[in-house]
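Presented below, as structure tokens, is a lone chain in the form predicted on its own.
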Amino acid sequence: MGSMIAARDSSSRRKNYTQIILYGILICFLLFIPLFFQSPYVLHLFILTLVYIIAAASMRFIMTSGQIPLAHAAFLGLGAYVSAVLSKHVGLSPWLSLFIAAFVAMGVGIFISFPFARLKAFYYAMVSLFFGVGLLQAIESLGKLTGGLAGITAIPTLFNTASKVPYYYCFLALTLVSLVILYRFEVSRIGWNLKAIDQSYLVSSSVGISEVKYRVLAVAIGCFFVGLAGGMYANYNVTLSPSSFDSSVTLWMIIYVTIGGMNNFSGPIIGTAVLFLIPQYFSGLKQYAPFISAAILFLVIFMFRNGLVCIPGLLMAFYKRKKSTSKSR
């Protein structure tokens, strides 16, 4: 028995070391992206990918509580518009306005989610969709302050340079920090309680886990990070339009999470990279992105129930079976 436990611990340590090495290699690659790809357009694509990774990861964190936040793109837009208005019309530093935007998005998220935290997945999804549409219409109705349907332009930038390299590293740092914090939340008691509520809110309530408290907390954390990403995006892109944050953007985020793998923290990262970055990078595939996404979605549904993130594990298991079969012969 002791040897079995020791072998299991050794296997677990090797797996952790392998993951650390792979993550280290990936981070090193990302750090050298501006050296490998010097085109401003390519760097712009990587920056947008990082924005959507934060948005999709923060959305998945809310979804671990059993809720489907169909207003998530609207909160991305809320963070963007708050930072844009504060930095352009109020004169605040963009570095300060983007953090204020994150807290505003978190506050609005709490205000909206608290009365409806007990609603189950479908009903909560419909309510959040309603508030998402209403939030964008409120932004459009503010006229000169937000530019209305035409959007807002000439937003102050974070850096006084035309180069996209500083922005890339800034978004990369924000993405890494956001993912680390979200991961720590997920593996903490908060994350376990959210998953317990998702499994059975009645059983969770019977052992003292407050359904309302933890679901509102999940929305607050998710909205904070998506608002922060939106605020930084506004001061990078310098122009905003309400159409960039409509319900279709939220649906794409859900697709990123679903195809990447809802049950794995890396799912939104892989899903966003595959479905957003690759079609955008290969411009010839851009117009076929919806069809590619549909094909991958059907492939995931019928062959990879846990998303694209499970493919390396399946390949490794297949390799081990082949290896053991060849040895037995």
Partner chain sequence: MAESTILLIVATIVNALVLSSMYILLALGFTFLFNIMGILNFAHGVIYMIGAYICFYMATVVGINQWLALLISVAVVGLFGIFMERFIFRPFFGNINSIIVVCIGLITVLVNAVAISQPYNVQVTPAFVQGILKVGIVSLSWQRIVFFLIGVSLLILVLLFINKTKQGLQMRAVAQDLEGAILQGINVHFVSALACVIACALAATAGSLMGSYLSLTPYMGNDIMIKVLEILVLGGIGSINGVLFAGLIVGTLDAVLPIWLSGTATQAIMMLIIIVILLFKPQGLFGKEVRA
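Residue numbers count along the first chain shown, from 1. Just so it is clear, the structure is predicted and the values come from calculations on it, not from any experiment.
Quick note: we don't show the form predicted together with the partner chain, though the next part is all about it.
TODO: Consider T258 of the chain shown here, and say whether it contacts the partner chain in the predicted bound form, taking contact as heavy atoms within 4.5 Å.
DONE: It does: once the partner chain is placed as it appears in the predicted bound form, T258 has a heavy atom within 4.5 Å of it.
Open item on the list: V90 versus the partner chain, in the predicted bound form: is there a non-hydrogen atom within 4.5 Å?
Closed with: V90 lies outside the contact set for the partner chain.
Open item on the list: Quick check on W252: any heavy atom within 4.5 Å of the partner chain in the predicted bound form?
Closed with: Close contact exists here: in the predicted bound form, W252 approaches the partner chain to within 4.5 Å, heavy atoms only.
- [ ] Consider G134 of the chain shown here, and say whether it contacts the partner chain in the predicted bound form, taking contact as heavy atoms within 4.5 Å.
- [x] Judged by the heavy-atom cut-off of 4.5 Å, G134 is in contact with the partner chain in the predicted bound form.
Open item on the list: Only one of V165, A173, I110, L119 gets a heavy atom within 4.5 Å of the partner chain in the predicted bound form. Which one?
Closed with: Comparing distances to the partner chain in the predicted bound form, the residue within 4.5 Å is L119.
- [ ] Counting only non-hydrogen atoms and a 4.5 Å cut-off, give the residues of 188-205 close to the partner chain in the predicted bound form.
- [x] Contacts from 188-205: Y201, L202.
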